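Here we start with a single chain on its own, the form predicted alone, put down as structure tokens.
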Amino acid sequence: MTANMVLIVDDEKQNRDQLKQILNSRYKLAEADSTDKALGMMYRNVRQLAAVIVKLGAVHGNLDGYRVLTQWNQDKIISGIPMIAAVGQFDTQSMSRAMELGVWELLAMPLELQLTYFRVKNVIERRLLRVSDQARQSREYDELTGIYNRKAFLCRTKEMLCRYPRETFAFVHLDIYQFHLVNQFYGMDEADRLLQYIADRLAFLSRESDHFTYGRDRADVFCFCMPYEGKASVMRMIKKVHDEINQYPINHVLMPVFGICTADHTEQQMVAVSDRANLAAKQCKGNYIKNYAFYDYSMTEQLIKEQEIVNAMKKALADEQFQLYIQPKYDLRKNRLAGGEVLVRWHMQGKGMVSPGDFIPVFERNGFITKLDRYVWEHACQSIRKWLDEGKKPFPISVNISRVSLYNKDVADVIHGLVKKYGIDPALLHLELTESAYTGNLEMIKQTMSRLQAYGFCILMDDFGSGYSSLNTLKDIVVDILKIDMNFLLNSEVPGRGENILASVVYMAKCLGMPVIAEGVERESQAAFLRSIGCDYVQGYYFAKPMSLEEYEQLAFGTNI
């Protein structure tokens, strides 16, 4: 709605009538003859008022024009209304005070009709221009940093690409890795100052090229676009931006991350370019050595693949497309089957087999892994129950507990509830946790594991030795069995070093009363070595590949092992 009301503030009716005669052909008019009435009308009609004309001079009766001006000057609610002061023709003192208080225009009394009309009209038009400019500023510029917002930046960048059709440009996504820590440690005000500093540095560096746009995308994300003259030119600019950001005076290591995507005038959607640069930046999050990445199409293919997985996961669970496989474990001393580890395979409808390496990381990131864990646990319990009902004596099988599930405070009761539901001995369902799962809330994990062990479950620490705090973990956490990956320990450039480490781990485990399972055994020589150092159990392709439940049943119960 366009403001079209002019408020006349004067305690003399003849003066008000004169102004009404001058202005009533163009504006809606309102009157006030006292300070309180004038201020009340200004607050009530702040959106409708195009201007206020207030008479200044000696105070008579209920009107104090200076108090109206002072309140207007100090209160943000009404200070946006253009204020015009009507003063005596030779009252230089009033003119000076009015100008100090910030009035937009002065009218000399007695009023001259045509001059008064045009001065009021000019003030109102100036206000419209200012409002229009403020609206444009709000639409195009980021409020905190004063640089282009996302929409305006993408628009200006597209215009730049079209102006220089023979050039290729580098679109760069920039954000600060773990920026939330700045908020957490130093507060939002300091974080805002850092964002303003980054914007200022981008503005400074933009002077190095005639073809350079920059803007704030969101939160701590900034983007800039510059001519692409090969990777070296982009790397020089990235280093400059990195160095400038790290000049910010804060006792905190700032880690700028950059994703780069090339584009030219043929690119129709700048949003797509921005998304590609964002994808590239994600490739180096958490990488303390390489803080930049150039986009390539495989990143989009990977994103599409992951989205297909996300789109299909709920239906796949409901339709039981996830199938249990088992990799047998063997007693190395007796050379016979001793159980197996439950693995999961996904036969996606219409797509075939999906590798666990593709879907497990996605499920871990989006939390769906907890539902898959529960599905696997329950189906494992169903299989054990089936074997028992058939009069068979099953070996224990182990299931994995993901790190996400482990942080559910009720996980012990959930798993215990499942073995009770199917009436099976907890000793038949072993639980595997990777060593990396122990790096979080240690006290909570200890409590969870103690409850599981109290319920009668056997707990295996998988991938022992793969972390950097293995001995500390073993000191603080009571587990029943250690699992060691042969590929990790025996992959050493120094002959015999890996074997010596493995022998020491097996010896240490025996001293602690813990059996050891070596996985990844692929050769007869490895099996012979493990047997010589007293390793108890093995898994690996040398003995058996992961197999379907039916194949495992045939192996475990169909022949006399």
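One rule holds for the numbers: they count along the sequence shown, beginning at 1. The structure displayed is predicted, hence computed values, not measured ones.
Omitted here: the form predicted in complex with a small molecule. The next part is about that form.
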Selected contact from Met160, Ala170, Val376, Ala199, since only one has a non-hydrogen atom within 4.5 angstroms of the small molecule in the predicted complex: Val376
Contacting member of Thr116, Ser402, Ser274, Thr448, with respect to the small molecule in the predicted complex [4.5 Å, heavy atom]: Ser402
Candidate stretches 45-53, 28-36, 514-522, 497-505 - the one whose heavy atoms come within 4.5 Å of the small molecule in the predicted complex: 514-522
Any non-hydrogen atom of Ile360 within 4.5 angstroms of the small molecule in the predicted complex: yes
Heavy atom of Met109 within 4.5 Å of the small molecule in the predicted complex: no
Distance check, Asn149 to the small molecule in the predicted complex, heavy atom within 4.5 Å: no
Proximity of Pro396 to the small molecule in the predicted complex, heavy atoms at 4.5 Å: no
